[in-house]
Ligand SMILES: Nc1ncnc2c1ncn2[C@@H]1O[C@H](COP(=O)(O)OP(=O)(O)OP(=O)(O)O)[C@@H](O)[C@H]1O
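Only one chain is shown below, in C-alpha coordinates, and it's the form predicted on its own.
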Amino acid sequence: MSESDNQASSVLLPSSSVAVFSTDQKTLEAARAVEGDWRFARVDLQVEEGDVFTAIESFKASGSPDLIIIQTEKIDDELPGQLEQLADHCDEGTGAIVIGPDNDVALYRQLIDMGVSDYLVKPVETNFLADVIAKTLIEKVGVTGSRLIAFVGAKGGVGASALAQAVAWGVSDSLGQKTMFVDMAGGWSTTAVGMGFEPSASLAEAVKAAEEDNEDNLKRMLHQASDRLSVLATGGEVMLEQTVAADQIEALIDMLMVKYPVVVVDLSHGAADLERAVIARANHIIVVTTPSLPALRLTRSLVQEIKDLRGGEAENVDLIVNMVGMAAGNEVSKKDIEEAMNLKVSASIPFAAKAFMGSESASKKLSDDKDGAGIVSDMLLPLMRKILVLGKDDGAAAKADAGAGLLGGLISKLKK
(Lines give C-alpha, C1' and ligand atoms only; values in the text may rest on other atoms or scores of the structure.)
Protein backbone atom coordinates (compact mmCIF):
# COMPACT_ATOMS: atom_id res chain seq x y z
CA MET A 1 0.00 0.00 0.00
CA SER A 2 1.38 3.42 -1.00
CA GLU A 3 1.90 6.32 1.42
CA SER A 4 -1.09 8.16 -0.08
CA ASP A 5 -3.22 5.03 0.42
CA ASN A 6 -2.15 4.87 4.07
CA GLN A 7 -2.90 8.53 4.62
CA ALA A 8 -6.23 8.36 2.80
CA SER A 9 -7.46 5.69 5.19
CA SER A 10 -6.23 7.27 8.40
CA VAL A 11 -6.37 11.08 8.34
CA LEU A 12 -8.82 13.94 8.25
CA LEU A 13 -8.91 15.18 4.67
CA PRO A 14 -7.84 18.74 3.81
CA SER A 15 -10.31 21.59 3.32
CA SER A 16 -11.46 21.02 -0.25
CA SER A 17 -14.49 20.79 -2.53
CA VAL A 18 -15.87 17.86 -4.53
CA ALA A 19 -18.73 17.83 -7.05
CA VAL A 20 -20.43 14.62 -8.20
CA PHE A 21 -22.63 14.44 -11.32
CA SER A 22 -24.55 11.25 -12.05
CA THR A 23 -27.94 10.09 -13.30
CA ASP A 24 -27.62 6.72 -11.58
CA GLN A 25 -29.58 6.67 -8.31
CA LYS A 26 -27.31 4.11 -6.64
CA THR A 27 -24.25 6.23 -7.41
CA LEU A 28 -26.01 9.34 -6.12
CA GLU A 29 -26.94 7.55 -2.89
CA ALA A 30 -23.39 6.25 -2.44
CA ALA A 31 -21.95 9.74 -3.01
CA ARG A 32 -24.33 11.39 -0.52
CA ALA A 33 -23.49 8.74 2.07
CA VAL A 34 -19.79 9.65 1.83
CA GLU A 35 -20.54 12.73 3.98
CA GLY A 36 -21.00 10.39 6.94
CA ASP A 37 -17.32 9.37 6.78
CA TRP A 38 -15.37 11.16 9.56
CA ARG A 39 -12.50 11.90 7.15
CA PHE A 40 -14.77 14.22 5.15
CA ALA A 41 -15.52 16.71 7.96
CA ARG A 42 -13.71 19.50 6.06
CA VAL A 43 -14.77 18.49 2.53
CA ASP A 44 -17.56 20.44 0.83
CA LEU A 45 -19.35 17.66 -1.10
CA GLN A 46 -21.96 18.64 -3.71
CA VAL A 47 -23.96 15.81 -5.30
CA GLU A 48 -26.13 16.66 -8.30
CA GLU A 49 -28.25 14.58 -10.66
CA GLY A 50 -26.82 15.16 -14.14
CA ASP A 51 -24.05 14.37 -16.60
CA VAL A 52 -21.01 16.04 -18.14
CA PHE A 53 -23.19 18.70 -19.77
CA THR A 54 -24.80 19.50 -16.41
CA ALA A 55 -21.31 20.01 -15.03
CA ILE A 56 -20.37 22.29 -17.94
CA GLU A 57 -23.41 24.50 -17.35
CA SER A 58 -22.74 24.54 -13.61
CA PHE A 59 -19.15 25.78 -13.99
CA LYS A 60 -19.93 28.42 -16.63
CA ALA A 61 -21.17 30.74 -13.90
CA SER A 62 -18.93 29.73 -10.99
CA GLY A 63 -15.48 28.39 -10.25
CA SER A 64 -14.86 24.67 -10.34
CA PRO A 65 -14.18 22.53 -7.24
CA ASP A 66 -10.96 20.73 -6.39
CA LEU A 67 -12.34 17.45 -7.73
CA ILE A 68 -15.11 16.62 -10.22
CA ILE A 69 -16.65 13.15 -10.51
CA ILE A 70 -18.59 12.53 -13.74
CA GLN A 71 -20.62 9.41 -14.47
CA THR A 72 -21.36 8.55 -18.09
CA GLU A 73 -23.66 5.82 -19.31
CA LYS A 74 -22.22 5.91 -22.82
CA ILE A 75 -18.60 5.33 -23.82
CA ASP A 76 -17.87 6.46 -27.39
CA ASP A 77 -15.59 8.68 -29.46
CA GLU A 78 -17.45 11.78 -28.27
CA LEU A 79 -16.34 11.44 -24.65
CA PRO A 80 -12.90 13.10 -25.09
CA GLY A 81 -14.56 16.07 -26.77
CA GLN A 82 -17.08 16.36 -23.94
CA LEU A 83 -14.26 16.33 -21.40
CA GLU A 84 -12.51 19.02 -23.43
CA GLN A 85 -15.61 21.21 -23.18
CA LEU A 86 -15.68 20.61 -19.44
CA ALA A 87 -11.99 21.49 -19.14
CA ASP A 88 -12.64 24.83 -20.84
CA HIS A 89 -14.86 25.84 -17.91
CA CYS A 90 -12.66 24.50 -15.09
CA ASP A 91 -9.88 26.11 -13.11
CA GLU A 92 -6.31 24.96 -13.62
CA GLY A 93 -5.60 22.07 -11.26
CA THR A 94 -9.14 20.73 -10.98
CA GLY A 95 -9.12 16.95 -10.57
CA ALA A 96 -11.35 14.50 -12.43
CA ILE A 97 -12.67 10.99 -11.88
CA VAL A 98 -14.88 9.28 -14.48
CA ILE A 99 -17.39 6.53 -13.69
CA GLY A 100 -18.46 4.40 -16.64
CA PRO A 101 -20.44 1.25 -17.48
CA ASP A 102 -17.68 -0.99 -18.85
CA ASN A 103 -14.44 -2.46 -17.55
CA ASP A 104 -12.41 -1.24 -20.51
CA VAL A 105 -8.64 -1.35 -19.99
CA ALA A 106 -7.91 0.57 -23.19
CA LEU A 107 -10.33 3.33 -22.16
CA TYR A 108 -8.79 3.46 -18.69
CA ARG A 109 -5.34 3.98 -20.17
CA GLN A 110 -6.63 6.62 -22.58
CA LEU A 111 -8.33 8.60 -19.78
CA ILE A 112 -5.31 8.37 -17.49
CA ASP A 113 -3.08 9.57 -20.34
CA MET A 114 -5.42 12.55 -20.81
CA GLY A 115 -4.95 13.55 -17.18
CA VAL A 116 -8.00 11.97 -15.55
CA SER A 117 -7.11 10.64 -12.10
CA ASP A 118 -9.14 7.44 -12.14
CA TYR A 119 -11.76 5.49 -14.04
CA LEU A 120 -14.30 3.53 -12.00
CA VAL A 121 -16.79 0.94 -13.18
CA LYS A 122 -20.32 1.08 -11.80
CA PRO A 123 -21.77 0.09 -9.44
CA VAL A 124 -19.62 1.94 -6.90
CA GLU A 125 -20.12 1.33 -3.18
CA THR A 126 -19.89 4.14 -0.62
CA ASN A 127 -16.73 2.87 1.12
CA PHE A 128 -14.90 2.35 -2.17
CA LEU A 129 -15.93 5.76 -3.50
CA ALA A 130 -14.87 7.44 -0.24
CA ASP A 131 -11.43 5.80 -0.40
CA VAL A 132 -10.90 6.82 -4.04
CA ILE A 133 -11.91 10.43 -3.34
CA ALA A 134 -9.69 10.53 -0.23
CA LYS A 135 -6.65 9.21 -2.09
CA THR A 136 -7.19 11.65 -4.96
CA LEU A 137 -7.54 14.66 -2.68
CA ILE A 138 -4.41 13.77 -0.73
CA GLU A 139 -2.39 13.31 -3.92
CA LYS A 140 -3.73 16.60 -5.25
CA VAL A 141 -4.04 18.94 -2.27
CA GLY A 142 -1.81 17.23 0.26
CA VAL A 143 -2.47 16.60 3.95
CA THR A 144 -3.08 19.97 5.53
CA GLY A 145 -3.14 20.14 9.31
CA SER A 146 -6.08 20.89 11.54
CA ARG A 147 -6.05 24.13 13.51
CA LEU A 148 -4.72 23.92 17.06
CA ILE A 149 -5.84 27.04 18.93
CA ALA A 150 -4.41 27.62 22.41
CA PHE A 151 -5.91 29.99 25.00
CA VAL A 152 -3.63 31.21 27.75
CA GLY A 153 -4.42 33.74 30.49
CA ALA A 154 -1.86 36.31 31.59
CA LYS A 155 -2.95 35.63 35.18
CA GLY A 156 -5.69 33.85 37.05
CA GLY A 157 -9.18 35.35 36.88
CA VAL A 158 -8.92 37.07 33.49
CA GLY A 159 -11.60 34.82 31.94
CA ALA A 160 -9.44 32.76 29.57
CA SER A 161 -11.33 29.53 30.31
CA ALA A 162 -14.75 31.10 29.77
CA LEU A 163 -13.62 32.63 26.47
CA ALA A 164 -12.02 29.38 25.31
CA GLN A 165 -15.26 27.52 25.97
CA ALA A 166 -17.30 30.23 24.23
CA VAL A 167 -15.03 29.98 21.19
CA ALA A 168 -15.35 26.18 21.09
CA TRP A 169 -19.16 26.49 21.14
CA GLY A 170 -19.13 29.28 18.55
CA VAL A 171 -16.79 27.53 16.12
CA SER A 172 -18.83 24.33 16.28
CA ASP A 173 -22.35 25.83 16.33
CA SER A 174 -22.04 29.00 14.26
CA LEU A 175 -19.13 28.17 11.94
CA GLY A 176 -20.12 24.51 11.57
CA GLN A 177 -16.68 23.09 12.33
CA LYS A 178 -16.20 19.75 14.03
CA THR A 179 -14.36 20.82 17.19
CA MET A 180 -12.53 19.26 20.14
CA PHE A 181 -12.11 21.13 23.43
CA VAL A 182 -9.29 20.16 25.79
CA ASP A 183 -8.52 21.57 29.25
CA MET A 184 -4.90 21.15 30.37
CA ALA A 185 -5.58 22.09 34.01
CA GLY A 186 -5.85 18.50 35.23
CA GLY A 187 -7.42 18.37 38.69
CA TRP A 188 -7.79 22.16 38.65
CA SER A 189 -10.11 22.05 35.64
CA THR A 190 -13.52 23.73 35.94
CA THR A 191 -14.65 22.71 32.44
CA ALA A 192 -16.97 20.06 33.86
CA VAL A 193 -18.97 22.77 35.66
CA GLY A 194 -19.11 25.12 32.69
CA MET A 195 -20.05 22.40 30.19
CA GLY A 196 -22.27 20.27 32.37
CA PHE A 197 -20.60 16.88 32.79
CA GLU A 198 -18.79 14.81 35.39
CA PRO A 199 -15.08 14.12 34.73
CA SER A 200 -14.75 10.54 33.53
CA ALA A 201 -10.98 10.40 33.10
CA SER A 202 -7.65 12.05 33.84
CA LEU A 203 -5.15 13.58 31.44
CA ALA A 204 -2.83 10.70 32.29
CA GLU A 205 -5.45 8.18 31.10
CA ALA A 206 -6.06 10.17 27.92
CA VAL A 207 -2.34 10.35 27.19
CA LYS A 208 -1.97 6.61 27.79
CA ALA A 209 -4.78 5.85 25.34
CA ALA A 210 -3.10 8.08 22.74
CA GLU A 211 0.33 6.53 23.28
CA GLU A 212 -1.21 3.07 22.83
CA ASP A 213 -3.14 4.32 19.78
CA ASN A 214 -6.32 3.10 21.49
CA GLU A 215 -9.08 5.15 19.87
CA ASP A 216 -11.85 3.18 21.60
CA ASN A 217 -10.54 4.02 25.08
CA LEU A 218 -10.08 7.68 24.17
CA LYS A 219 -13.58 7.82 22.71
CA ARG A 220 -15.01 6.68 26.05
CA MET A 221 -13.36 9.69 27.70
CA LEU A 222 -15.24 12.20 25.52
CA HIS A 223 -18.26 14.25 26.47
CA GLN A 224 -20.41 14.93 23.41
CA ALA A 225 -21.58 18.48 24.04
CA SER A 226 -23.28 18.73 20.63
CA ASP A 227 -23.20 17.09 17.22
CA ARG A 228 -20.06 19.04 16.32
CA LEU A 229 -18.46 19.71 19.72
CA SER A 230 -16.63 17.05 21.70
CA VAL A 231 -14.94 17.67 25.06
CA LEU A 232 -12.15 15.59 26.56
CA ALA A 233 -13.83 14.91 29.90
CA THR A 234 -10.73 15.03 32.06
CA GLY A 235 -10.28 16.57 35.49
CA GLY A 236 -10.49 13.46 37.61
CA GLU A 237 -6.88 13.56 38.86
CA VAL A 238 -5.39 14.95 42.05
CA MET A 239 -4.74 18.71 42.24
CA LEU A 240 -1.29 18.88 43.79
CA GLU A 241 0.58 16.49 41.53
CA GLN A 242 1.47 16.67 37.84
CA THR A 243 0.72 13.34 36.18
CA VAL A 244 1.58 14.10 32.54
CA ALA A 245 4.95 15.08 31.06
CA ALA A 246 5.32 17.55 28.19
CA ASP A 247 6.65 14.97 25.75
CA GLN A 248 3.64 12.75 26.39
CA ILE A 249 1.12 15.40 25.40
CA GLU A 250 2.32 15.28 21.78
CA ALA A 251 0.75 11.87 21.16
CA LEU A 252 -2.61 13.10 22.46
CA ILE A 253 -2.54 16.21 20.29
CA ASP A 254 -1.52 14.15 17.26
CA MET A 255 -4.44 11.76 17.70
CA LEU A 256 -6.99 14.54 18.22
CA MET A 257 -5.80 16.59 15.24
CA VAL A 258 -6.19 13.63 12.92
CA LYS A 259 -9.88 13.46 13.80
CA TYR A 260 -10.91 17.08 14.36
CA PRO A 261 -10.54 20.13 12.06
CA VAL A 262 -10.38 22.46 15.08
CA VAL A 263 -8.81 21.65 18.46
CA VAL A 264 -9.22 24.34 21.15
CA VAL A 265 -6.94 23.96 24.18
CA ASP A 266 -7.42 25.86 27.43
CA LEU A 267 -4.02 26.26 29.09
CA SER A 268 -5.30 28.08 32.19
CA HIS A 269 -3.76 26.60 35.34
CA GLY A 270 -1.87 24.07 33.24
CA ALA A 271 1.62 22.98 34.24
CA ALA A 272 4.29 25.27 32.76
CA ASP A 273 5.96 22.55 30.69
CA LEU A 274 2.60 21.50 29.22
CA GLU A 275 1.86 25.12 28.34
CA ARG A 276 5.22 25.43 26.60
CA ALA A 277 4.66 22.23 24.61
CA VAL A 278 1.23 23.31 23.37
CA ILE A 279 2.27 26.93 22.67
CA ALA A 280 5.23 25.72 20.61
CA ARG A 281 2.93 23.43 18.62
CA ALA A 282 -0.19 25.64 18.27
CA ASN A 283 -1.23 27.14 14.95
CA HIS A 284 -2.67 30.10 16.81
CA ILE A 285 -2.38 31.47 20.34
CA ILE A 286 -4.94 33.67 22.09
CA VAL A 287 -3.51 35.58 25.07
CA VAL A 288 -6.24 36.82 27.42
CA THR A 289 -5.68 39.69 29.83
CA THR A 290 -7.54 42.56 31.50
CA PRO A 291 -6.81 46.32 31.25
CA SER A 292 -5.39 46.42 34.78
CA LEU A 293 -1.73 47.27 35.29
CA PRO A 294 -0.81 44.05 37.19
CA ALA A 295 -2.34 41.87 34.46
CA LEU A 296 -0.67 43.86 31.70
CA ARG A 297 2.79 43.62 33.28
CA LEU A 298 2.41 39.84 33.26
CA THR A 299 1.00 39.97 29.74
CA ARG A 300 4.07 41.75 28.42
CA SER A 301 6.35 39.10 29.94
CA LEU A 302 4.15 36.26 28.68
CA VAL A 303 4.01 37.62 25.13
CA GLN A 304 7.80 37.99 25.09
CA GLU A 305 8.24 34.39 26.26
CA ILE A 306 5.84 33.20 23.58
CA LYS A 307 7.87 35.11 20.98
CA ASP A 308 11.10 33.56 22.25
CA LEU A 309 9.53 30.11 22.12
CA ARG A 310 8.32 30.65 18.55
CA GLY A 311 11.45 32.08 16.98
CA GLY A 312 11.16 35.69 18.11
CA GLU A 313 7.93 36.48 16.24
CA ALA A 314 4.40 37.29 17.43
CA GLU A 315 2.88 35.95 14.22
CA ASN A 316 -0.37 34.06 14.86
CA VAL A 317 -0.60 35.49 18.40
CA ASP A 318 -3.76 37.46 19.23
CA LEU A 319 -4.41 39.57 22.30
CA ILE A 320 -7.87 39.76 23.88
CA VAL A 321 -8.48 42.36 26.58
CA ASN A 322 -11.36 41.15 28.76
CA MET A 323 -13.49 42.87 31.45
CA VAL A 324 -13.13 46.33 29.95
CA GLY A 325 -15.06 48.88 32.01
CA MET A 326 -15.00 46.95 35.29
CA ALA A 327 -12.98 49.74 36.93
CA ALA A 328 -12.76 52.43 34.28
CA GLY A 329 -10.73 54.92 36.32
CA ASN A 330 -7.95 52.39 36.92
CA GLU A 331 -7.73 50.86 33.46
CA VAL A 332 -5.03 51.25 30.83
CA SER A 333 -6.31 52.44 27.44
CA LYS A 334 -6.30 50.25 24.35
CA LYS A 335 -3.81 52.59 22.66
CA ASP A 336 -1.37 52.39 25.56
CA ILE A 337 -1.76 48.60 25.74
CA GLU A 338 -0.89 48.20 22.06
CA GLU A 339 2.13 50.49 22.38
CA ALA A 340 3.43 48.67 25.44
CA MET A 341 2.91 45.21 23.95
CA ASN A 342 3.86 46.10 20.38
CA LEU A 343 0.83 43.99 19.53
CA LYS A 344 -2.60 44.93 18.25
CA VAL A 345 -5.60 44.21 20.48
CA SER A 346 -7.78 41.76 18.53
CA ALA A 347 -10.83 42.16 20.77
CA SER A 348 -11.81 44.38 23.71
CA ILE A 349 -14.55 42.60 25.63
CA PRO A 350 -16.76 44.64 27.97
CA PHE A 351 -17.26 43.62 31.58
CA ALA A 352 -20.35 41.40 31.62
CA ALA A 353 -20.35 39.67 35.00
CA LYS A 354 -23.88 38.27 34.72
CA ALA A 355 -23.21 36.67 31.34
CA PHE A 356 -19.90 35.09 32.32
CA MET A 357 -20.98 33.97 35.80
CA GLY A 358 -24.16 32.48 34.40
CA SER A 359 -22.23 30.60 31.76
CA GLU A 360 -19.73 29.14 34.24
CA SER A 361 -22.10 28.41 37.13
CA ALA A 362 -25.24 27.25 35.30
CA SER A 363 -23.57 25.14 32.58
CA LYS A 364 -24.88 27.43 29.85
CA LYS A 365 -23.28 28.74 26.69
CA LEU A 366 -22.08 32.32 26.89
CA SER A 367 -24.24 32.98 23.85
CA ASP A 368 -27.38 31.95 25.78
CA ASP A 369 -27.22 35.35 27.49
CA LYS A 370 -28.16 38.43 25.45
CA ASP A 371 -24.94 40.31 26.29
CA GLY A 372 -22.90 37.13 25.90
CA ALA A 373 -24.42 36.46 22.47
CA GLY A 374 -23.22 39.86 21.29
CA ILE A 375 -19.72 39.20 22.59
CA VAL A 376 -19.54 35.87 20.75
CA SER A 377 -21.02 37.04 17.44
CA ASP A 378 -19.40 40.48 17.24
CA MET A 379 -15.99 39.92 18.85
CA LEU A 380 -15.01 36.25 19.07
CA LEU A 381 -16.37 34.76 15.85
CA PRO A 382 -14.79 37.37 13.54
CA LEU A 383 -11.42 36.49 15.07
CA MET A 384 -12.08 32.78 14.62
CA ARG A 385 -13.11 33.29 11.00
CA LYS A 386 -9.77 34.96 10.39
CA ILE A 387 -7.94 32.08 11.99
CA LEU A 388 -9.88 29.42 10.09
CA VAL A 389 -9.42 31.25 6.79
CA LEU A 390 -5.67 31.00 7.44
CA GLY A 391 -6.19 27.25 7.62
CA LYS A 392 -7.81 27.32 4.18
CA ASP A 393 -4.95 29.41 2.87
CA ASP A 394 -2.57 26.68 4.01
CA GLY A 395 -4.58 24.27 1.90
CA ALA A 396 -4.38 26.62 -1.06
CA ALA A 397 -0.61 26.78 -0.69
CA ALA A 398 -0.37 23.01 -0.66
CA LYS A 399 -2.64 22.96 -3.69
CA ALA A 400 -0.36 25.36 -5.54
CA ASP A 401 2.69 23.28 -4.63
CA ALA A 402 1.01 20.19 -6.05
CA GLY A 403 1.14 21.67 -9.56
CA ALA A 404 -1.57 21.44 -12.17
CA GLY A 405 -2.27 17.70 -11.86
CA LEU A 406 -5.34 15.73 -12.83
CA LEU A 407 -7.82 17.81 -14.82
CA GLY A 408 -5.18 20.52 -14.93
CA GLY A 409 -3.10 18.01 -16.86
CA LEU A 410 -6.12 17.26 -19.02
CA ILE A 411 -6.59 20.98 -19.70
CA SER A 412 -2.97 21.49 -20.70
CA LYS A 413 -2.87 18.41 -22.92
CA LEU A 414 -6.14 19.18 -24.66
CA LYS A 415 -5.27 22.85 -25.22
CA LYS A 416 -1.93 21.90 -26.80
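Counting begins at 1, following the sequence as shown. None of these values were measured; they are calculated from a predicted model.
Omitted here: the form predicted in complex with this ligand. The next part is about that form.
> At 4.5 angstroms, heavy atoms only, are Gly156, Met323 and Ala352 all close to this ligand in the predicted bound form?
Replying inline: Verified in the predicted bound form; spot residues all in contact, yes.
>> Within 4.5 Å, heavy atoms only, one stretch in 334-342, 126-134, 244-252, 157-165 touches this ligand in the predicted bound form. Which?
In response: The contacting stretch is 157-165.
> Ok, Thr94, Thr179, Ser268, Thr234: which has a heavy atom sitting within 4.5 Å of this ligand in the predicted bound form?
Replying inline: Exactly one listed residue reaches within 4.5 Å, namely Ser268.
>> Between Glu48, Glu360, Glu35, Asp368, only one gets a heavy atom within 4.5 angstroms of this ligand in the predicted bound form; which residue is that?
In response: Of the listed residues, the single hit is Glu360.
> Any chance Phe59 has a heavy atom within 4.5 Å of this ligand in the predicted bound form?
Replying inline: It does not: once this ligand is placed as it appears in the predicted bound form, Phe59 has no heavy atom within 4.5 Å of it.
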